[in-house]
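Below sits a lone chain in structure tokens, taken as the form predicted alone.
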């Protein structure tokens, strides 16, 4: 038997997104910089994924995201072991698997990159859930560092004047906190530049996602899950602007050359909730086998979904509303309107909802949203029960059967 490697499949090679290599290069450099921060004298802040990162960038603090780390743990299939370790430490299995995996990693420098760099401070914004409050308190005690809590009231139907004043005041307190830890004043001009770059990066990210309005779509939601990392991590930097400018150009070229994410795209689907990180490839291949492409999702679009509230000329003043009205901090009726708008925009034939055991704010309203979608658009909806990191909550045969049945429904409607 020959030991020579198989020649690359030209069809698969053609569909590969070339920008992936640049993304890996940027993220490798980012983590090396964060891990060597003590030697370079830079500060490191752990921050929640929905937290206002721009003031950190303006203060030259390196932002580190335990949730991104959680995604890497999930993709590396290390989630179950780390979640079990957290449970042996006394944390209930019902808690978020990002939190359990992160708490379990901290004492042993565990995970795929040997643990996260030690923080000098923690910044916790509760616009994504309430679990992060206790999670970050645990980590602040573990590392013996200060914690800033950025409290955003839940926006059931509106963002009141009282809420605006309350959150705006915290923006000033947040800056005072950073100036205290860093022992330096914020450069106002630098903050203005970071705000401009943040907004430009968000516009570009939205433009990248919108290329999937084209039929066939040049990329899928599974690709978006990967390319999301920079808009989360380094929002407000020129690096993000440059990267998404190049990625957008690549997507336009793929459209011109009719290179699609899924060969013979026949069905266009919308994904709701976080990815099932340890099964993204399996799910991607499963849907592709049915000639179905997940053309959009509510998760990756969250990092550009509140641009309409931001004003480049008054970034600090307007970020109070933008950070309060993100997808997970609004009422179910508004979430349903957002999903329906995406169904229309991307011409989706169906919706796949991940009922995520870990993420209660994302999952609790899904049955109501499903009813609203079916009433307003008569679009089939599939619910998959799983967990974003903990593989113990994924039943492959059950999910496999449900997807087959769902696709049969779609086929009968064509």
Partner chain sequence: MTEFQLFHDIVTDPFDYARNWKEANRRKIVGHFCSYTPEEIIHAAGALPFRIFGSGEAISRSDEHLQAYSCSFVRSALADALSGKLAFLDGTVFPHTCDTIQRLSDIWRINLTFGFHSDIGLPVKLDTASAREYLKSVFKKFKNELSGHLDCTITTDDLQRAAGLYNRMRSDMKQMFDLRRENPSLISSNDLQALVKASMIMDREVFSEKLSAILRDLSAIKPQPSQSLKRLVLSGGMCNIPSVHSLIEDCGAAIVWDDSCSGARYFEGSIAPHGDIIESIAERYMDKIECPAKHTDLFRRGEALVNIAKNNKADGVIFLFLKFCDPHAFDYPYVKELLVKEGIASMLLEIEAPLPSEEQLKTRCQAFLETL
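Positions refer to the first chain, counted from 1. Bear in mind that the values here come from a model prediction, so they are computed numbers and not experimental data.
Another form exists, predicted in complex with the partner chain; not displayed. Remarks below refer to it.
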Interface membership of residue 134, the partner chain in the predicted bound form, 4.5 Å heavy atom rule:
yes
Whether residue 99 contacts the partner chain in the predicted bound form should be assessed with a 4.5 Å heavy atom distance threshold; does it?
yes
With the partner left out of view, is residue 256 within 4.5 angstroms of the partner chain in the predicted bound form by any non-hydrogen atom?
no
If we define contact as a non-hydrogen atom of the residue within 4.5 angstroms of the partner, is residue 115 a contact of the partner chain in the predicted bound form?
no
Any idea which of 225 to 233, 106 to 114, 260 to 268, 330 to 338 reaches within 4.5 Å of the partner chain in the predicted bound form, heavy atoms considered?
330 to 338
Would 49, 81 and 249 all count as contacting the partner chain in the predicted bound form, using a 4.5 Å heavy atom cut-off?
no
Heavy atom within 4.5 Å of the partner chain in the predicted bound form: which of 314, 172, 158, 285?
158
If we test each of 243, 303, 277, 91 for a heavy atom within 4.5 Å of the partner chain in the predicted bound form, the one that passes is 91
Taking the partner chain in the predicted bound form and a 4.5 Å non-hydrogen atom cutoff, the residues of 339 to 361 making contact are 355, 356, 357, 360, 361
